[in-house]
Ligand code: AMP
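The chain below stands alone and is given as C-alpha cells, in the form predicted alone.
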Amino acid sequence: MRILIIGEGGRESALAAKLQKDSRVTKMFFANGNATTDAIGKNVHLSEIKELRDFAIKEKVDLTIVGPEAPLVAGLKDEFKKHDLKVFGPTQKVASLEGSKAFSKKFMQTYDIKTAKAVVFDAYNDAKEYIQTQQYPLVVKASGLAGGKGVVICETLEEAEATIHDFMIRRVFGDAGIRIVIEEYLQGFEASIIAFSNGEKIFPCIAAKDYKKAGKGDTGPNTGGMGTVAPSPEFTQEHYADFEKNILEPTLKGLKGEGFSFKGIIFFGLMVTKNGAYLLEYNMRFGDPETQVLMALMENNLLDVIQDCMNGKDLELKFKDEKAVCLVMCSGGYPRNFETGFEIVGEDKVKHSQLLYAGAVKKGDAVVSNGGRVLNIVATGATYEDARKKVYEDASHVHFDYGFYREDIGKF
C-alpha cells in the first residue's frame, strides 16, 4: 500500500511510526512532514487541496490520512472522493462539527448531548450586552478554527469585554472570531476520548489527559498541548458510563439523524464535573498530542483498524495494561511569539523513550526547529512514574536554543 499522511506534527510522526511496522505499507508520503517522517518516507511540499489530489493520483496513493483539521474543513475528502481516492476522514459538512463551534453547539443542543449552556453571537453589541448579566468565570470561544487558541476563560466582565473585542473587532483570529460562542464555565477536569467511526458505530479508545496550559501547575496561556498521559488517571468507569449514555449514544443518533455517516475519527473533548461528563467540543481527526500516547499503547495493527473502519466492520480495540507519557518540547515564547531555526542536539542520547519530531526539519546533516511545538518524547511503563522517569531522563539530553517544557507532565 502507498499511503499519504497530511500534516507535519508529532501526531503524524506517531501515526507514521506505527504504520512503518506493517509490511503491507510499501511507501509513505507526507505533506509537509517533519524530520521524523523524512526518515520514514518522503516529505512533499504541498498545501493546496488540488495539488494534494493531483499528487495522490500521480503517485497511485491507496489511502490518505489527514492529521490537522483545516484540510478536512476545506473539503479535502469531497475533492478526493470525486476521483475515487480513499480518505480516512469526514466530508466538509461533517467536519463543520469541528470547523464551526456554533454549528457543533447547535448539533449538541438539538440531540440532547450533555454540554454547557451556551449562546451564539454574530453581532458584537449583542454579545457585549449579554455578558453584562452573566456570572463569572465565563468562557468565550471563536466559532471558527483558531489553532487550538480561540478559547478564553474570562474571570471578570472586563476580561470578557476585552476578549470579544479582540475576537470580533480586532479579529485576532481573522474570520474565525467573527461569530463567537459564549458558554457557562464548568469546573472539573478535562479528558480526551478519540474514537473510530465505521459509518454505523463509534468505537472509543481509552481516555487520555491533555496538558493545555504552557506553564507548570496549569498556569499561563492555552496551547495546542504541552503533553499527555494515557489512560487518564482521573477518568473512572463511572465517568465512562456517563459519557457513553449522555454523549456517545446521542452523538451517534445525531450523526445518523443528520445523514452524517463517515469513516474516520471523532474526538470528544470532555469536562468532567461533580455532575458528570460534559462535551466541550468535537474534533474530527486524531488529536495532538493524544495520538502519541494512544499509538504507544495500542496493541491493534493500525492499518487493520483503519481498513476495517473503511469497510464498515466492527472493531475490537485493545491497549496494553501500561501507562504512557508524552512530553512536548517547545520553542521559547510559544504559544506567543517565538523564533525558529535552532539546531537540535542530543537525539542520540535518547535511550528509554521514542523521540518524535514535530516542528523540526532536516537542514543538511542537522535537524532544526521550525515550529512552536518542536518535538515529543514518549515512553511507557508499569506506572505513570516509571514512564515519566524515562521521558524526563531522555529529555534532559535533548537541547536547542530557548527550548522549554513543563516539568510536571504525568506527575500525580
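Treat the numbers as computed from the prediction; the structure is a model and nothing was measured. Residue positions are given as counts along the sequence shown, with the first one as 1.
As for the form predicted in complex with this ligand, it is not shown, yet the points below apply to it.
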Which single stretch, out of 321-329, 75-83, 184-192, 252-260, brings residue heavy atoms within 4.5 Å of this ligand in the predicted bound form? 184-192
Exactly one of 212, 106, 201, 165 has a non-hydrogen atom within 4.5 Å of this ligand in the predicted bound form; which residue is it? 212
Consider the chain as shown here, without its partner, and state which of 161, 308, 234, 281 has a heavy atom within 4.5 Å of this ligand in the predicted bound form. 281
Within a 4.5 Å heavy atom cut-off, is residue 116 in contact with this ligand in the predicted bound form? yes
At the 4.5 Å heavy atom threshold, is residue 139 in contact with this ligand in the predicted bound form? yes
With the cut-off set at 4.5 Å between non-hydrogen atoms, does residue 178 touch this ligand in the predicted bound form? no
Heavy atoms within 4.5 Å of this ligand in the predicted bound form: does residue 315 have any? no
What I'd like checked is whether 296, 390 and 409 together line this ligand in the predicted bound form, meaning each has a non-hydrogen atom within 4.5 Å of it. no
Contact check, 325-357 vs this ligand in the predicted bound form, heavy atom within 4.5 Å, ordered by sequence, gives none
